[in-house]
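So this first bit is one chain, no partners, the form predicted on its own, shown in structure tokens.
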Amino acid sequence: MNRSITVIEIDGQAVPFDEGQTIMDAAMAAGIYIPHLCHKPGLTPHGSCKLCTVDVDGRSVSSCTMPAVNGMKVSNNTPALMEVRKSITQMLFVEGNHLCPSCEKTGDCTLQAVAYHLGMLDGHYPQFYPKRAVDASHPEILLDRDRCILCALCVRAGREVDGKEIFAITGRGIDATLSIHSESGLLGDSDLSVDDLAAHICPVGAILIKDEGYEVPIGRRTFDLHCIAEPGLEPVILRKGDHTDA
């Protein structure tokens, strides 16, 4: 007996999926890009950045958390959705200190690459210029909270892959911040290792490895050479040690 094929429709394209997959899972497997910042294959979906919001049969849902259902009709690349995504990205830029020319993550920054993809030309909103604590207490790792976008990727990577409770998001709204689970609250007093996935998964320049800045020249970095929408740029996290920055 032939196995029935379950499919969803994304912008008119039939996309097959397996039971248990989300809309994002199915789209990525088919080489369809849905903008996102807080999602990484292999980690529990978080649904916090809302960039991956799509329209499903007339209602808005987060594609990284919404299970795919046979016959579902998904709109991803509508002008309205792209405009909302651009506004969210602009707010993320002005809420933190994302000054690309002076950041060593430029060219390898997912937030920057998403902004290019969405055609963002300016911040639009007034700049916050936040003053958040920079933690340089760790001998090998720097934490610059001014650049943190609260995606919680480091939280989930630490818990689910490294087996460590290092990072947490505390506070709400404008007072939300990335906190450290240590007696002093300092990164240097935690058991974070430079080999941990949590030290490498940050999509922006908030968590950086010391003594490794600007090793790849501008013009040869990931998003200098590739558009973020290209298939294959998103690595699947299978085990500790998969430290791909793309």
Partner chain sequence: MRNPKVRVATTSLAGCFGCHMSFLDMDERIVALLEQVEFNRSPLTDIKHCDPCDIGLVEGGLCNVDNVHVLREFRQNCKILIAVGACAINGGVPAMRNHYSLQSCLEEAFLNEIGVDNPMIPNDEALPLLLDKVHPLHEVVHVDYYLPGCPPPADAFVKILTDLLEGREPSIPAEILHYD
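Residue numbers count along the first chain shown, from 1. On a predicted model such as this, the values are computed, not experimentally measured, just so you know.
Missing here is the form predicted in complex with its partner chain; even so, the following discussion is about that form.
*Asks:* Consider the chain as shown here, without its partner, and state which of P79, P126, G163, G71 has a heavy atom within 4.5 Å of its partner chain in the predicted complex.
*Replies:* Checked against the cut-off, the match is P126.
*Asks:* Counting only heavy atoms and a 4.5 Å cut-off, does its partner chain in the predicted complex sit next to every one of D196, H200 and T222?
*Replies:* So, no: the whole triplet misses its partner chain.
*Asks:* Is D146 part of the interface with its partner chain in the predicted complex - any heavy atom within 4.5 Å?
*Replies:* D146: contacts its partner chain in the predicted complex.
*Asks:* Could you confirm whether L142 comes within 4.5 Å of its partner chain in the predicted complex, counting heavy atoms only?
*Replies:* Contact check for L142: no, nothing within 4.5 Å of its partner chain in the predicted complex.
*Asks:* Within 4.5 Å of its partner chain in the predicted complex, which residues of 65-100 have a heavy atom? Give them in sequence order, or say none.
*Replies:* Heavy-atom contacts within 4.5 Å come from F93, N97, H98, L99, C100.
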